[in-house]
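Only one chain is included here, represented as C-alpha cells and corresponding to the form predicted on its own.
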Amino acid sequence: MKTFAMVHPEKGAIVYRDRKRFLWISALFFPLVALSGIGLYSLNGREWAFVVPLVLFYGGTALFDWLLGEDTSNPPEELVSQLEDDKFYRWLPMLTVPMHFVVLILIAGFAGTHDVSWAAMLALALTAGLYSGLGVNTAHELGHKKTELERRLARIVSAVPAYGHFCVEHNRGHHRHVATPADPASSRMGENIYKFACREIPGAFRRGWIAEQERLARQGKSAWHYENEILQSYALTAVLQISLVAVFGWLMVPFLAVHNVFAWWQLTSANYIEHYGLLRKRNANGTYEHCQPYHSWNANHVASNVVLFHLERHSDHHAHPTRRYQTLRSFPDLPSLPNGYMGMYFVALFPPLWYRVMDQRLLSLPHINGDLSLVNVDPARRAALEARYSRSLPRTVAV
C-alpha cells in the first residue's frame, strides 16, 4: 500500500494511506462480470445464465455495500496534490474506455450469432446496456478534468451508449442549475422515477444541444460545424452501431435500442437519487445561492463507490467539480442515503417504497426542518404533500 507523506511546517509529519487503493483496480475486471453470463451459458447451455450479470451487479453490489459498510475517511488536504498527481489513479478511468467498446461488441456478436430465445436476447441487451451505462459514469469522471486527453476520452466513451450530449449538458447545464426547478436532471419530491425520466432524458438532450449551439455561435460557427462536440460523439456512435447492424444483421436494431435505453436508464437512476427534493435558496436578485454540499445526497458505501469511482461522494463533487475521484471527501451532517446507489436504484423502481424511505428523511434534514418551501417539490403533488406533511410533521424535526 503506497504511503503519501510530507512534513508540514506547523503540523509536522502528515501521513496517509488509501485503504481503497487496490480496490479501484476492480474497475478493470468488471467486464468479466458483464461477460459472465455468456461464460456460464457456454458451460451449461442454460439460458438463465444470461441473468447472472444483472443479479451480480445490482444484488451483489448492494449486498457488499451492506457487508463492507461505509468508509468516511478523507485524505489530508495537504496531501491532495500528491494523490491527484499519482498516475495510478489517473490512468484507471482512462483504461476502462476501450473496455466499453469491447464488451458491447462481444455481447452483440454473441447475440447475433447464436440461436437463443427472445428472453435471453433481452437479458443480453440489458447486460450490455448496464455496462455501457457505467461508461457514462467514466465519462462523468473524465469529462470534468482539464486535460484534453481526458475530455476527449469522455466524449469517446459517451458514444457507446449513444449519449454524446452528456458531457456538454452535464458540465454546462446540470452543474449550473442543479437543485433548482430549472434543472431537468434534479428530481423533485413526489416525482416518481418514471415521470422524472420522461422529463430528464429529453430535457437534458435539449439543454446540451442549446449549450453547444451557443458556444459555437460565439465563435461565429454553425451548430453543424465539425467542432460540435456532441456531433463528434454521435458520429462515433453511428459508426459503431451501424457497423454492428451491418455485420450481425437486423437483429441488432432491437438489441441496440434496448441497450441504449437501458444505458440511459442507469444515468437517469443516478440523477434521480442524487438530488431528490433538494433545493438551493433563491437570492433577492433572482439568482440561486452557490451550490453547497448539502444540495446532494451522499453515500460512503465502499462497494458501489469503488464501482462508480466515488460518484456517491456527490456532495463534494458538486462543490468541487474538477476534484479527482480519489480525493473526494465525506462531510458530517450531509444528506445521506441509507444504502449505496445500486440498492437505491432498486428502491426507486417502486415509488411508494421510495417515498416511504426518502420523504421523511428529506424533510428531517437540518437545513429543511420540515419546511416544504425549502424543498424542490413536484408542482403537481405540492397540494397533496402540503396537506399530508403539515398535519404529520412537527415544525422541529428530530434527526
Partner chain sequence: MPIHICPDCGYAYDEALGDRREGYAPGTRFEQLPDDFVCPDCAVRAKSDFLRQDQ
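Computed from a predicted model, the values in this text were never measured in an experiment. Residue numbers count along the first chain shown, from 1.
The same protein also has a form predicted together with its partner chain, omitted here; what follows describes it.
Asks: Looking at Lys195, Arg206, His318, Arg90, which is the one with a non-hydrogen atom within 4.5 Å of its partner chain in the predicted complex?
Replies: Of Lys195, Arg206, His318, Arg90, the residue with a heavy atom within 4.5 Å of its partner chain in the predicted complex is His318.
Asks: Please identify the residue among Ser73, Gln219, Ser81, Ser243 with any heavy atom within 4.5 Å of its partner chain in the predicted complex.
Replies: That would be Gln219.
Asks: At 4.5 angstroms, heavy atoms only, are Lys281, Asp359 and Arg382 all close to its partner chain in the predicted complex?
Replies: So, no: the whole triplet misses its partner chain.
Asks: Would Thr113 show up as a contact with its partner chain in the predicted complex if we use heavy atoms at 4.5 Å?
Replies: Answer no; every heavy atom of Thr113 is more than 4.5 Å from its partner chain in the predicted complex.
Asks: Looking at the partner-bound form in the predicted complex, is Glu200 within 4.5 Å of its partner chain by any heavy atom?
Replies: Looking in the predicted complex, residue contacts with its partner chain do not include Glu200, since no heavy atom lies within 4.5 Å.
Asks: May I ask you to check whether Asp85 falls inside a 4.5 Å heavy atom distance of its partner chain in the predicted complex?
Replies: Answer no; every heavy atom of Asp85 is more than 4.5 Å from its partner chain in the predicted complex.
Asks: Does its partner chain come within 4.5 Å of any heavy atom of Ser117 in the predicted complex?
Replies: Output for Ser117 is no: heavy atoms all beyond 4.5 Å of its partner chain.
Asks: Where, among 305-313, 125-133, 169-177, 248-256, do residues come within 4.5 Å of its partner chain in the predicted complex by heavy atom distance?
Replies: Selected stretch: 169-177.
Asks: If you look in the predicted complex, which residues in 184-215 sit within 4.5 Å of its partner chain (heavy atoms)?
Replies: Counting only heavy atoms within 4.5 Å of its partner chain in the predicted complex, the single contacting residue of 184-215 is Arg215.
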